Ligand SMILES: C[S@@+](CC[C@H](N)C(=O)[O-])C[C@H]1O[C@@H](n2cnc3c(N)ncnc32)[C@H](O)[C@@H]1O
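Listed next as structure tokens is one chain, alone, in the form predicted alone.
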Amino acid sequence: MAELEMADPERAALDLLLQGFKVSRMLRLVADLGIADRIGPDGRVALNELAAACGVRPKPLMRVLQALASFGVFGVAADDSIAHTPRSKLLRTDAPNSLHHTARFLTARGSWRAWEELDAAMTGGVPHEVAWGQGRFAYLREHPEEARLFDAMMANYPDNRHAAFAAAYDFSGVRLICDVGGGNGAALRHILTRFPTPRGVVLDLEDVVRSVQPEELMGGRITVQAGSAFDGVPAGADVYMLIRVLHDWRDEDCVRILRACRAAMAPEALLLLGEQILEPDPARGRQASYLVDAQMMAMFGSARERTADEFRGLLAEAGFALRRVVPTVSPVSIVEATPV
């Protein structure tokens, strides 16, 4: 087998890609079991002890851990003890920007079944709607555990977007920031921690803002408001932010959201979009960006990642001028726009 792989490395590489779903599903399994948290960062745990703590059988667990170890996730010793590797440490819930929540969410039932119906997108359908008979956001409202897992994944996303967003832009002269679709307020907390002057308001759906804990409101500097951007956006803010919101929507809906922001904004207010800028040439782009784009297609149909020119067109249709694109240390850039 090794000789065949060396003779045709492209075939071996493609074969691993074809089997990638197995790796994703096993990563979700060990995240659901909390395996990474059960092993100290520099410790080692016997397989039988680990299995007993998880309430599972040792032999099947070992087979999963061996498979993941072949990809550098966990280390398996000859005495059947399990230790961490740099990759498996990222699955610990106390790791900065933990991938624990991502491992659990991406192959959770809502997403997993939608991907089974990906073919529907080729003829104009929405895979998630074919799989579940309802839209993505309606599904999450009816499955609050997955919805809260989504919030946790966004707050700990591996691209460290919120910290990068806060570090790349000067909010020092800002009085009030409105984070439209701001989830649990993670982005605002990063910004307000760096800048002592601004206050913030999070606008999101009722079930989302209801889950925000009192200790996350930074002593009253953050307030929450239940509602949909389609129904209107709070007026009076100096800066309106939409971080990874527009990629969830088709062009027509993006324009509706942007126009709602435009209607709430004073002439001197600013709009900041936090989005990945898709490289038109895949040979030059980031693989992860195109995978996110495919995820948007599976979940929402026409929703997608966009190029800089596509954002410029959406903004112009909604009454904005794109002023500049500010790169960050994460893949998410800041698109700054002004009302016209």
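Because the structure is a prediction, the values reported are computed rather than measured. Start at 1 with the first residue shown and count on from there.
Below, we refer to the form predicted in complex with the named molecule, which is not included among the displayed structures.
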*Ile277, Arg312 and Pro331 each touching the named molecule in the predicted bound form (heavy atom, 4.5 Å)*: no
### Contact label in the predicted bound form: Phe150 to the named molecule, heavy atom within 4.5 Å
yes
Does Val73 make contact with the named molecule in the predicted bound form, using a 4.5 Å heavy atom cut-off?
no
Is there a non-hydrogen atom of Ser111 within 4.5 angstroms of a non-hydrogen atom of the named molecule in the predicted bound form?
-> no
Exercise for review: Would you check, heavy atoms only and a 4.5 Å threshold, whether Asp238 touches the named molecule in the predicted bound form?
Suggested key: no
With a 4.5 Å heavy atom cut-off to the named molecule in the predicted bound form, the contacting stretch among 263-271, 159-167, 119-127, 82-90 is 159-167
Contact with the named molecule in the predicted bound form, heavy atom within 4.5 Å, among Val212, Leu106, Val201, Val245 goes to Val245
In the predicted bound form, the residue from Trp115, Phe171, Trp132, Phe137 with a non-hydrogen atom within 4.5 Å of the named molecule is Phe137
Looking in the predicted bound form, the residues of 225-239 with a heavy atom no more than 4.5 Å from the named molecule, listed in order, are Gly227, Ser228, Ala229, Phe230
